[in-house]
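Next up: just one chain, as structure tokens, the form predicted on its own.
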């Protein structure tokens, strides 16, 4: 097959990905007590490694057990030994695949039932109706900011020692790195806020600290918003300036996404018909930013067909196609694409049938996480699973105390 998808991709650090398909990060939320991994991670990632993608990005692994995005996150921090990390890494490396750990801190996006007082750059709550789920945060002190930077670098070193082949900083979707970049959420008046140069200081320091720990031959990437799609928020122009800076610093791969919990563009919210026709939600942005940097770009969001992926790669705007929800319900999707078969994604809009539930709960996250759990148990995904049933299962897993807090 004559296809751009099957070509290798060499990264600035010297590492090579076997093809141009990458599994984008999706939080597994299936860790064991004490926030460690378990055999289900190896089972899930063995399935995906066999699926054919050149790069597997894990779900967000947290760097602080006091700051969780979900109740069953895996956490890497000092004084915590996780014997399952090595088997997880080995499973993901099967079939010549790269497996990178996505490192994250949720900031204010830590639910009330997990964090009564989450932390953030500034003490600004999420807007309604998300304020029902997330408490108003406390502003971080400078000492705490420096500690979090050190936590990222420590976690990256552990990932390298455990056999993972790279790490990715989660700088998108409204989590802590994204919060620092946003003038809406970061209203500090010290060196960490105000100008774009100050707002990007946190992410550049995180990258530099990681690079110092892992060296120049170990892949380090970032997931970054093209924009927050919010009035007064992180703009396209801001994003391009950050991409240019990170490229100059030596970033190996920049994954482009967009949006936050408040404006979920990464899920296809309010996408124009012309954008849907091109499939990739953020392709226009990539075409512009490609003129500024030569760093490999991974484009995630909206891809559904072989034709759409081939066209995006042919423009030269992106170097790697990111697959998320599609690979959660079609784990063999990459192999089908690489074989040139006319396969299309089965992703479709979700609803519980109750508008107020649809507005409160992140249905896409809940339903697709259920699919990951099935594969972690060695089962096949269930595309007919009820969205409403998935939400009730989520509430049951949180427990009655968690349910009281979101009512």
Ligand SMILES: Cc1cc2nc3c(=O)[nH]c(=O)nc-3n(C[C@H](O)[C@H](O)[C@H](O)COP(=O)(O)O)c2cc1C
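Numbering follows the first chain given and starts at 1. Just so you know, these numbers come straight off a predicted model, no measurement behind them.
There is another form of the same protein, the form predicted in complex with this ligand; it is not shown, and what comes next is about it.
Chemist: Which of 93 to 101, 214 to 222, 317 to 325, 107 to 115 has heavy atoms within 4.5 Å of this ligand in the model of the complex?
Modeler: It is 317 to 325 that comes within 4.5 Å of the partner.
Chemist: Is the gap between residue 170 and this ligand in the model of the complex 4.5 Å or less for some heavy atom pair?
Modeler: Contact check for residue 170: yes, within 4.5 Å of this ligand in the model of the complex.
Chemist: Can you work out whether residue 301 and this ligand are in contact in the model of the complex, taking contact to mean some heavy atom pair no more than 4.5 Å apart?
Modeler: So residue 301 counts as contacting this ligand.
Chemist: So in the model of the complex, does any heavy atom of residue 352 sit within 4.5 Å of this ligand?
Modeler: No, no contact at 4.5 Å.
Chemist: Though only this chain appears here, would residue 87 touch this ligand in the model of the complex if you measure heavy atom gaps against 4.5 Å?
Modeler: Result no; residue 87 lies far from this ligand in the model of the complex.
Chemist: Within 4.5 Å of this ligand in the model of the complex, do 26, 59 and 257 each have at least one heavy atom?
Modeler: Contact check passed for all of 26, 59 and 257.
Chemist: Quick one: of 365, 338, 30, 375, which gets a non-hydrogen atom within 4.5 angstroms of this ligand in the model of the complex?
Modeler: Residue within 4.5 Å of the partner: 365.
Chemist: Of 207, 234, 164, 281, which residue is found within 4.5 angstroms of this ligand in the model of the complex when only non-hydrogen atoms are counted?
Modeler: Contact with this ligand in the model of the complex is made by 281 alone.
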